[in-house]
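One chain comes next, on its own, written as structure tokens: the form predicted on its own.
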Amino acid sequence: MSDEIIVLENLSKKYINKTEQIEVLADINLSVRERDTISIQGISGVGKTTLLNLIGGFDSPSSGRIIFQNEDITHYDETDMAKFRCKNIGYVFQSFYLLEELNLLENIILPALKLGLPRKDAVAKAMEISEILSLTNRLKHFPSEISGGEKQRAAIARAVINSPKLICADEPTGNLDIKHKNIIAQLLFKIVESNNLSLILVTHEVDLAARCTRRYKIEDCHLIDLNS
């Protein structure tokens, strides 16, 4: 059985702006294997977040295919893609996207409840993950009551609660100070490694990208291999 988690085949994305066609990504090919940690760098606006959005089905490619564990997910409708994403892909965003009306524990277990896991089991799993992330004593707090670093730890916990095969992290340290950048980077890689996950990491930060086993950048719409 193949150890490939996700394969991007000739993936392209174009947007129509009035009468102008804008090419953002062209002929992107990438294979992500089990336990791969992959960084994608590039200047702002080059298409890094667009690529993550295509992988997760938040946007649709203009051409090409996305194969997830031998299953073509390219043309899933919104309902099927939302279910698939909840089970298989965990997202960590720069802006956290925690629900302010829920405490941290409730935010973390929400994806598990969506998949039908009993609340008792979801809470138990959240407690295990929170222990790794040093977040246990903050679970009853609301997002407005905690620091940015703690919010990002909660976002990481939420991303892995369903034991996805792949984590997509979009500038996960972008809104943090230097101290918390280092803490979050260490915790992100720790939880990816301890759960045998694969990681696609979008970042501007060279030091963070260097932690990954494979490095790429997007330039002039193409994915360039930095490993050779």
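Just so it is clear, the structure is predicted and the values come from calculations on it, not from any experiment. Start at 1 and count along the sequence shown; that's the residue number.
Only in words, not in the display: the form predicted in complex with a small molecule, which the text now covers.
Annotation: in the predicted complex, residues Q69, R85 and S198 none come within 4.5 Å of the small molecule through any heavy atom.
The contact residue chosen from S130, Q94, N103, T74 relative to the small molecule in the predicted complex is Q94, the criterion being a non-hydrogen atom within 4.5 angstroms. Annotated contact segment (heavy atom within 4.5 Å of the small molecule in the predicted complex): 47-55, selected among 47-55, 155-163, 30-38, 180-188.
Within 4.5 Å of some heavy atom of the small molecule in the predicted complex lies at least one heavy atom of V24.
Taking the partner from the other structure, the small molecule in the predicted complex has no heavy atom within 4.5 Å of any heavy atom of R214.
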